[in-house]
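Take a look at this one chain, the form predicted alone, written out in structure tokens.
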Amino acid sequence: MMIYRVEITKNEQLRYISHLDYANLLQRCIRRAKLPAAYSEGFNPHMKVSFASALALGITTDAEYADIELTKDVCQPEFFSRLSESLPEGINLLRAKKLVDRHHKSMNALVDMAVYKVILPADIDKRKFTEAVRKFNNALVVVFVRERMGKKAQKGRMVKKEIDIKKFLAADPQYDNKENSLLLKLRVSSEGTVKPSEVTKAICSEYIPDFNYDDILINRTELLAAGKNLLDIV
């Protein structure tokens, strides 16, 4: 048994496929590459592939990670070449590395920060947005009302919950006027995290009420554990 950790992308073409469909797509590619994938035992065996985190629908990434368990050794160049050639347009294999420690922690347990770049609409009022970010960063507390559909006893009802969104920021949001983009560094912990769209809404809701959230593009650029890339800690 051996495990490869891979760094892959989810590009614009796959922006609107769910995390589950993306995971299934990667598994089909592993089978197409004829790699000796390991499967769980039992009545309904599953390919042993685990992801660092589930990416929300509509978000692209340059930093998706998966651990792929194999039943026998395959050298790195061969693994990289076979998997890379089997991937469709919309996924690129950037790096692949063998895990030395087979008793490693899961990536979910290691990740403590996610970095996002939010591309804003071209017609945004840059002066207003700069001022909105400045006021947001100066505030000690920013309460955001999170809404989601309820489950079990609350099924079918919209559930609202107030959160202090600033508790989930690893650094103040930074607006790049030239690129017209917003850099977000978000904490990831056992208490959860916030979505980049929620932070953008919290910045704009008070100061730019007519902001069109449908026109933003969000890309996750990094997923880190204690400041390091998930392949660099292997």
Partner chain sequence: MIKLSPSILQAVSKPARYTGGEVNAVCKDLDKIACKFALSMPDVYEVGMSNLGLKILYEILNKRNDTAAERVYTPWPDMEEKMRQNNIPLYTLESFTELGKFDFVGFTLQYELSYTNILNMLDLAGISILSKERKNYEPFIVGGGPCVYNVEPIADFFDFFIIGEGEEVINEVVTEFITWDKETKTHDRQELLHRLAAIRGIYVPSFYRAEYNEKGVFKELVPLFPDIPKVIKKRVIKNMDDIPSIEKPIVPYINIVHDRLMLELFRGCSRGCRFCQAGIEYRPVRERRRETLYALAKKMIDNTGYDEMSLTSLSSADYSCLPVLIENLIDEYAGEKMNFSLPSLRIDSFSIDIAHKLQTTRKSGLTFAPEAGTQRLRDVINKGVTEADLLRACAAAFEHGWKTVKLYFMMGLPTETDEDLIGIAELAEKVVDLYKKVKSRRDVKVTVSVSCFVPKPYTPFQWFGQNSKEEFERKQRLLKANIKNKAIHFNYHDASTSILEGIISRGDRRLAKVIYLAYKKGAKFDGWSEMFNFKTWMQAFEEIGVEPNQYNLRTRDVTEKLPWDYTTPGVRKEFLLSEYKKAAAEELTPDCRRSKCIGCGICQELGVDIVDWKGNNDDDISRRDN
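Positions refer to the first chain, counted from 1. Everything quoted here is computed from the prediction, not taken from an experiment.
Keep in mind that the form predicted together with the partner chain is missing from the display, and what follows is about it.
In short, of 183-191, 43-51, 165-173, 61-69 it is 43-51 that has heavy atoms within 4.5 Å of the partner chain in the model of the complex.
Using a 4.5 angstroms threshold between heavy atoms, residue 221 stays clear of the partner chain in the model of the complex. Although the partner is absent here, residue 77 is not a contact residue: none of its heavy atoms lies within 4.5 angstroms of the partner chain in the model of the complex. Among heavy atoms of residue 226, none comes within 4.5 Å of the partner chain in the model of the complex. The partner chain in the model of the complex is not approached by residue 150, whose heavy atoms all lie more than 4.5 angstroms from it.
Not one of 126, 128 and 139 places a heavy atom within 4.5 Å of the partner chain in the model of the complex. Contacts between stretch 54-89 and the partner chain, counted in the model of the complex as any heavy atom lying within 4.5 Å, involve 57, 58, 88, listed in sequence order.
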